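Okay, here we've got a single chain as C-alpha cells, the form predicted alone, with questions on binding and movement later.
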Amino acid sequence: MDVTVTTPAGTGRGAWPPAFVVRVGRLAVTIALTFLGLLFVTFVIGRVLPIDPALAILGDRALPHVYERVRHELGLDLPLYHQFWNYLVKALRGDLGSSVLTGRPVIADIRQFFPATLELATFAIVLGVVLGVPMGVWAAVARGRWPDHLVRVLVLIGYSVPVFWLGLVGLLLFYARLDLVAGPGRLDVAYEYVVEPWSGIVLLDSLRAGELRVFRNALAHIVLPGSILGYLSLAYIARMTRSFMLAELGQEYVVAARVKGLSEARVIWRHALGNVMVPMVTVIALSYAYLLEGAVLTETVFAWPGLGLYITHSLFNADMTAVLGGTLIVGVAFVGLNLFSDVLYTFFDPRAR
C-alpha cells in the first residue's frame, strides 16, 4: 500500500518562518531605520546651523593654533561621512558628547532633567484623559445642543490661545493675585534636598520616603503648569473623542442595542465608547509624546527644570551638543510611544492581530 505523508505548510525544512517572526523582524528593521533617521537628522542640524562648536568652547578670542587643535580633537576636520560614522558609533554606545554649559556628559544631564519633564507631561496627560474623554462623549451625545457648543468652544480656546500666554496669565491670577498655587520652580528652596532622589520624579520620591510636606509642596508647584498643559491635551482628546463617538453612535449595532432595551448609559459607555477607545489609544499616546516634546515654553515660563528648559538654555549658549542630544532623546521617546500605541492597538482590537 502506497502511503503518502503530507508535511504541513511551514513545518518542513526550508519553509518560510512563522508570521510572528516576520512581524518581529519587520518591527526591528523599522525601529533601526527610524533611529538611524533620527541620528542623521540631528547630525545634519548640527552641521547646518551657523554655530561652530570649537568657538562655543573657546570663545571668539582663541588663538588660531588652539582653535585648530580643538577642531581636530572634536573631529570637525574630518569628512562629513566620517563625522557621521563617529557620531553614530558614539550614540549607539550611549555617548552623546559633553555639554559646554554644564561641563558634564550630555547623557548625565538628560538623566537629571528628563524626569521633571516626564512628571509634568504625565500629570498633564492624566488630566487630559480623565476630563477630555467624558467631555468628548458628552458633546457627541448632546450634538447640536448647548453642551456640545460649550465643549467645542473650550476646545477651540485650547487650540487657539498660546501656551506661554496662558502660563503668564495663570501665574498672575492664581499665584500673584489669589495665592492659590506655588510659584515657578519645582520645589521651594526649603524642600530642595529633603528627599533623596530615587526616580527623579518628586511626587513619587516624596511619597516613597513618607515626606508628605514635600509631596504637598511639589503638588502645589505642578498644579498650574500641569493644568495648562493638561488643558491643551484635553482639547485634542475631547475633539477626537467627539469625532469618534459621532461615527460610532450612527452605527447599526448601537441601534440594535437600543432596540434590545439596553439602557442609554450602557449603550454609550459600554458599547460605543468601548469601540472608540481602540483608536483613542493612538490619540492618547501621540498626545503624550507631544507633551514630552512640546513642554519647552511651559517649562521656560514656570522655570521648570526639565529637558525643555535644558535645551533652551543650551541653545542660548550655543551648546549644540546638548541641544542635539536632548532632541535625539525626545525623538526616541516619540518613536517609542508610537510603537507602544501600535502594540496596545493590537491588544484592544483582536482584528488588528
Partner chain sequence: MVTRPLRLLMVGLLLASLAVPVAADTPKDTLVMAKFIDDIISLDPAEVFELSGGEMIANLYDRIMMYEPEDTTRLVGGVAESWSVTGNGRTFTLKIRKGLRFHSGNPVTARDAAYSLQRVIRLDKTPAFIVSQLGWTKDNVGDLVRAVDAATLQLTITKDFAPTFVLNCLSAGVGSVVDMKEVQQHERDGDLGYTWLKTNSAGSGPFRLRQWKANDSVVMEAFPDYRHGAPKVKRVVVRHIAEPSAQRLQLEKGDIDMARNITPDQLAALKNNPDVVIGTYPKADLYYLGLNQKHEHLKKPKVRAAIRWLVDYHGMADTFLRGQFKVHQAFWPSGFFAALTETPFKLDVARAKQLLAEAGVPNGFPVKLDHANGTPFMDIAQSIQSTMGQAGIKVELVPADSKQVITKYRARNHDIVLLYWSPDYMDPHSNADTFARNPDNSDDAKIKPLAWRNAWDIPGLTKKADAAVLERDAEKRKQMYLELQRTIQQDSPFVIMFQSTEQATTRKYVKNFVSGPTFDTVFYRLVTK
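Numbering follows the first chain given and starts at 1. This structure is a prediction, so every number in the text was calculated from the model and none was measured. In this text, the rigid core denotes the largest set of C-alpha atoms whose superposition between the two forms falls within 1.5 Å.
The same protein has a further form, the form predicted in complex with its partner chain, not shown here; the description that follows concerns it.
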query	finding
4.5 Å heavy atom contact, residue 231 to its partner chain in the model of the complex	no
In the model of the complex, residue 184 touching its partner chain (heavy atom, 4.5 Å)	yes
is_contact(residue 127, its partner chain) in the model of the complex, heavy atom dist at most 4.5 Å	yes
is_contact(residue 33, its partner chain) in the model of the complex, heavy atom dist at most 4.5 Å	no
In the model of the complex, the one of 165, 159, 193, 85 near its partner chain [non-hydrogen atom within 4.5 angstroms]	193
Single option in 204, 249, 257, 131 placed near its partner chain in the model of the complex, where near means a heavy atom within 4.5 Å	131
Stretch from 311-319, 280-288, 22-30, 324-332 whose residues place a heavy atom within 4.5 Å of its partner chain in the model of the complex	311-319
Contacts with its partner chain in the model of the complex, stretch 59-73 (heavy atom within 4.5 Å)	60, 61, 62, 63, 64, 65, 66, 67, 69
Is_shifted residue 316 between the shown form and the other one (CA, 2 Å cut-off, rigid core)	yes
Did residue 63 shift 2 Å or more between the shown form and the other one, C-alpha, core superposed	yes
